[in-house]
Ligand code: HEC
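One chain follows as structure tokens, the form predicted on its own.
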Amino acid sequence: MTPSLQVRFSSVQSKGKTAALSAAVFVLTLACAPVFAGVEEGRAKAAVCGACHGVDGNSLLPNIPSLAGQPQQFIVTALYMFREGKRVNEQMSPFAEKLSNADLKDLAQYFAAQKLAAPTTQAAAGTVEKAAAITQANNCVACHTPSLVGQQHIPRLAGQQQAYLLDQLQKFKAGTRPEFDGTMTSAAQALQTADLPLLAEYLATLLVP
């Protein structure tokens, strides 16, 4: 287990800590499994995902996230939470509940290997300056990396759908968005509600390889 992941898990509160750590080990084990034919296996299994998440995981729907280029461990974690009922969504829950551990691994390997399409719009100069300062001041870059492409079980934000980002930020701020260890809910409390649209616009328009 990497040092940054150990730090992340150490922040889990004592209530439910054993269950959370057990789930973390399970997710990490799947995510770190050898790739081998997983990408091609995942490609076939991901065919049904294209209707919402787009071809190769590049969503064209504002409220549906792109999966292309997301960290493999993050995708495993998200699918695991949907499968286990830790997150609930009208479309995702019925799909995920049928997935095996091998399916989680294969889908994660496939989407992580896909290239995220470049943003088609640019944020205003004033938005970029202010939002970039917010990501620094609130330590977003500490977890999501300086380029905001995510790592391990932490999602990529750069180039994600703007409407989806705003919706998730608002839910974290309100404390209604289920997550793995409570880190984002805690972090979002320091964000100003008026700054959330600026952050969503900035993140969605970041051009990162």
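When you see a residue number, it is the position in the sequence shown, counting from 1. Just so it is clear, the structure is predicted and the values come from calculations on it, not from any experiment.
We do not show the form predicted together with heme C, though everything after this point is about it.
Colleague: Using a 4.5 Å heavy atom cut-off, are Arg43, Gln114 and Ala123 all in contact with heme C in the model of the complex?
Modeller: Checked in the model of the complex: no contact with heme C for any of the three.
Colleague: Tell me, yes or no, whether Pro155 is in contact with heme C in the model of the complex, where a contact means a heavy atom of each within 4.5 Å.
Modeller: Yes, Pro155 lies within 4.5 Å of heme C in the model of the complex.
Colleague: Would Pro65 show up as a contact with heme C in the model of the complex if we use heavy atoms at 4.5 Å?
Modeller: Yes, Pro65 is a contact residue.
Colleague: Please check if Ala174 has a heavy atom lying within 4.5 Å of any heavy atom of heme C in the model of the complex.
Modeller: Because no heavy atom of Ala174 falls inside 4.5 Å of heme C in the model of the complex, the answer is no.
Colleague: Do Lys86 and heme C come within 4.5 Å of each other in the model of the complex, heavy atoms counted?
Modeller: Output for Lys86 is no: heavy atoms all beyond 4.5 Å of heme C.
Colleague: Note that heme C is not shown here; using its position in the model of the complex, name the residues of 163-201 with a heavy atom within 4.5 Å of it, in sequence order.
Modeller: Sequence-ordered list: Tyr164, Leu165, Asp167, Gln168, Leu169, Phe172, Arg177, Glu179, Phe180, Asp181, Thr183, Met184, Ala187, Leu191, Leu199.
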